[in-house]
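Coming up is one lone chain in structure tokens, specifically the form predicted on its own.
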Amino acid sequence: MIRVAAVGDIHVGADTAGRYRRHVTGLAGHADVLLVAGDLTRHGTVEEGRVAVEELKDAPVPVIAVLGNHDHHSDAQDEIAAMLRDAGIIVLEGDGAIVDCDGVRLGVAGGKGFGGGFPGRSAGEFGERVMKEFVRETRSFSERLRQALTEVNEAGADVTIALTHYSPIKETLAGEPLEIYPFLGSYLMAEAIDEAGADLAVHGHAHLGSEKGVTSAGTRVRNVALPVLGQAYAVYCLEPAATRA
């Protein structure tokens, strides 16, 4: 069994420096890995990025993160990602990684993702150029997610997780205004997850959403936005494929 701690939307800033760090440094004995589902910062400034690094860098378990829309706000996302990587944190953006967690090979694939909506209420590649670009952004990411999940599965991961900021399903958005669902996620990511195969999908972004849902093919999805969890992180216990067999 592998114990996966997960959280998103910690939104750190100078005035909260050190506050989340105490939860991270106390992970030993409670989890084997920490997944961070984007929005590490409030406004995506380099200064806030440095705070995020300090909050996460001393975790006693591997940390795997994706960036969120807030982390892109100041156009410093590449610098923030580089700082996190320099501190030993794995940052994904349309790719995957495998980490050893006490003998269990955990494969995580993911990235920020994007919006577009869900079946029956989704945007299409029609009309203005900017609308086409909006949908193509999600379609392109979803294809990279599918490929990354396929690659970690083929590399022999015992457990596979899809990690995004935006949601792949509408069920974990329940509680958010219906009008903004298209800006909170896209079904195209769920299609990629189901096609490639994953044991769990984790996302954030929807602060007023719900924690639990499933894709149409039955993949468990968890919204781990901090306001949804109401605690520092959630822990999910997953059995390796060989054990399940």
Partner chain sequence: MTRTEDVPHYLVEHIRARVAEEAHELGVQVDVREGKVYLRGRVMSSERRRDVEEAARAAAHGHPVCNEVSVVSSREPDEGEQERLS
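Residue numbers count along the first chain shown, from 1. Please read these numbers as outputs of a predicted model, since none were measured by experiment.
Omitted from view is the form predicted together with the partner chain, to which the following refers.
Asker: Could you confirm whether L208 comes within 4.5 Å of the partner chain in the predicted bound form, counting heavy atoms only?
Answerer: Yes, L208 is a contact residue.
Asker: At the 4.5 Å heavy atom threshold, is L200 in contact with the partner chain in the predicted bound form?
Answerer: L200 belongs to the contact set for the partner chain.
Asker: Is R50 one of the residues lying within 4.5 Å of the partner chain in the predicted bound form, judged by heavy atom distances?
Answerer: Contact check for R50: no, nothing within 4.5 Å of the partner chain in the predicted bound form.
Asker: When the contact criterion is heavy atoms within 4.5 Å, does V224 count as touching the partner chain in the predicted bound form?
Answerer: Close contact is absent here: in the predicted bound form, V224 is far from the partner chain, nothing within 4.5 Å, heavy atoms only.
Asker: For the stretch 38 to 58, which residues lie within 4.5 Å of the partner chain in the predicted bound form by non-hydrogen atom distance?
Answerer: The stretch touches the partner through R42, H43.
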